[in-house]
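Below, in structure tokens: the form predicted on its own, a single chain.
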């Protein structure tokens, strides 16, 4: 598989098989991801890999909080408020297409709630990761970590694994910190569900729509 094929194949995997990737494979994927470009070679990313026991314990605690309406102070806004109509439309379509793939109707709130809960189970992935960044970095440093995450995704695809990046974990930073024990100077950016894709699951059949080039590119003479 070449780079172009890997990029075009990339999508958010939200259902996984029970097969557990070896820690050696995970290390190799992370090592490749660490080759991401970073201005001044700062490399501001930190990764906490959760095995099955740690992942299960974190999921149980977080789901308890989620089910009981426990809220924590969010350290960054995932989406701007208000979200401009252009982006709001894309976000709505993304969610609608996913629920449609699962045959969940718009008024079936119970089924939608159950699907949201899957976020805090790492969608059943055998391995979870938490990615943080030093809170001293501004927008530029966050961009460096974004490039690391893209490398992580493509490296995983190369080895036959699937990934879903999960900003939902940033909603419970204190709970996450109980398990990762990361220092106070780090912000929880996202979680990563990683494992072998369950290709038979309907949620892995849908793909998000992508904009035409003309909607985001302007050629200037």
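These numbers come from a predicted model, not from an experiment. Numbering follows the first chain given and starts at 1.
Omitted here: the form predicted in complex with a small molecule. The next part is about that form.
S.K.: So, residue 52 and the small molecule: in the model of the complex, are they within 4.5 Å at any heavy atom pair?
M.R.: Residue 52: no contact with the small molecule in the model of the complex.
S.K.: Using 4.5 Å between non-hydrogen atoms, is residue 62 touching the small molecule in the model of the complex?
M.R.: Judged by the heavy-atom cut-off of 4.5 Å, residue 62 is well away from the small molecule in the model of the complex.
S.K.: Please determine whether residue 132 contacts the small molecule in the model of the complex, using a 4.5 Å cut-off between heavy atoms.
M.R.: No, residue 132 stays farther than 4.5 Å from the small molecule in the model of the complex.
S.K.: With the cut-off set at 4.5 Å between non-hydrogen atoms, does residue 178 touch the small molecule in the model of the complex?
M.R.: Looking in the model of the complex, residue contacts with the small molecule do not include residue 178, since no heavy atom lies within 4.5 Å.
S.K.: Out of the stretches listed (81-89, 67-75, 116-124, 101-109), which one is close to the small molecule in the model of the complex, meaning heavy atoms within 4.5 Å?
M.R.: Going through the listed ranges, the match is 116-124.
S.K.: Identify which of 58, 29, 164, 157 has a heavy atom within 4.5 Å of the small molecule in the model of the complex; exactly one of them does.
M.R.: The residue in contact is 164.
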